[in-house]
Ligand code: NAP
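Given next, in structure tokens, is a single chain: the form predicted alone.
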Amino acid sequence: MRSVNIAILGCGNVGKYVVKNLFELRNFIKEKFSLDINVKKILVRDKQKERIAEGFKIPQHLLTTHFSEIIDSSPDIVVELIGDLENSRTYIRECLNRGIKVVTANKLVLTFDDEIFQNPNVFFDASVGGGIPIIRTIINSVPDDIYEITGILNGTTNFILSYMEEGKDFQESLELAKKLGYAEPDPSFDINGTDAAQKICILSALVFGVRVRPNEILKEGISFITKLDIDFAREFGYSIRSIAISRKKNYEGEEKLEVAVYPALVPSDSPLAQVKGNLNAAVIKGKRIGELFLKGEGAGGNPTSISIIADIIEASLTYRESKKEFLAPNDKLIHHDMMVSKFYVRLSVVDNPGVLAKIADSFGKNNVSIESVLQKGRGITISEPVPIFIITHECLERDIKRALEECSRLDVVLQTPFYLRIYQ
């Protein structure tokens, strides 16, 4: 039986559950892994604050407000759950310099600090997907040539879009997400795609060996999705989901990467379309394994704590010597204008004869072929706008942009055209 001492930085919602579950699972871990895991110290801001998780009270004698006491407790592993950038980075580096292994769920540090991200003694399965072992599956369980990973990696946006499918608008759905605790008081990082972008960049490095930054990829939010879009998607056999995607593509005879986060129309019979509420999911596609689908809780104390505990066990049993090596993106990324997709387009037009012909002409001149068109309703007067929905065949994003720019200058188009990609 090997004894492993750990210390924890931060005891918020996830931290409380890590401590609780380490105590509750102690005998199970002893029997299955021959590890006796002992929590020695927990760094907090306020020692007097009571911390309880499902009736389990965090022992007061474990709490400290001084990082020096964390080091003095002689931990084998430090679990970082503070979640900011500068303090977390300082503490993590100090631990690594002292030969202490680190477990973290901190996307900010992993995204922006190469030294920490590449260190072989940093374990971070819980940083993407909460309780879903996406990273562990990629690293340890899929010895295959992966050519795509696509995921629903943000529970807040998925909850909002799922709720909009029940007939609510964006703002109603967002307010309910806040009320239920799925969205932060300031949910902008979720809504605008930043959170998912950080996660897909981490996965891109692990899967394809290319160190991509969030500001280098296409990133779009969901705040412009309307009930009209949701209804159209359903009528044509789609659901709208915010997806994060990283995949190999042959581009002008060279293998490159397409990395992006955006809302897309997903076929209703696909596994991703079945992911409802605040769940996360990922589809991993490999040359030999085909498609592997993972789904589960993407956040929350219990699910995330289990991923962290799995990392603690792995760190206890694993000796890693060589650091992770990654390539700079350089010219490896496909610019989003050169991405190929089918597109969904929503236009608001006057209800006049010849409108579709003008729009089709603008599309045709820009190499965009129309697959289907739907007009919903009729205007009471000629000047009243009516919505037109178009599905295109595959084309370059650059070309659909040019076509819609030309359409926006037509006198029959009353509002700026809106488009979404169709995931295939």
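All residue numbers refer to positions in the sequence shown, first residue = 1. Here the rigid core means the biggest group of C-alpha atoms that line up within 1.5 Å when the two forms are laid on top of each other. Worth saying up front: this structure is predicted, and the values here are computed from it rather than measured.
A second form of this protein, the form predicted in complex with this ligand, is not displayed here; the remarks below concern that form.
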Task: Which of 228-236, 176-184, 212-220, 318-326 sits within 4.5 Å of this ligand in the predicted complex, heavy atom basis - done: 176-184
Task: Asn106: touches this ligand in the predicted complex, heavy atom cutoff 4.5 angstroms - done: yes
Task: this ligand contact in the predicted complex: Lys49, any heavy atom under 4.5 Å - done: yes
Task: Any non-hydrogen atom of Ser242 within 4.5 angstroms of this ligand in the predicted complex - done: no
Open item on the list: Just checking whether Gly296 would be counted as a contact of this ligand in the predicted complex - the rule being heavy atoms within 4.5 angstroms.
Closed with: no
TODO: Tell me, out of Val39, Ile29, Ile58, Val44, which residue has a non-hydrogen atom within 4.5 angstroms of this ligand in the predicted complex.
DONE: Val44
Open item on the list: When this ligand is placed as it is in the predicted complex, are Asn21, Ala53 and Ile306 each within 4.5 Å of it, taking any non-hydrogen atom of the residue?
Closed with: no
- [ ] Sequence order please: the residues of 195-232 with a heavy atom within 4.5 Å of this ligand in the predicted complex.
- [x] none
Open item on the list: Quick check on Lys47: with the core superposed, does its CA move 2 angstroms or more between the shown form and the other one?
Closed with: yes
Open item on the list: When the rigid core is used for the superposition, does Ala177 move between the shown form and the other one (threshold: C-alpha shift of 2 Å or more)?
Closed with: yes
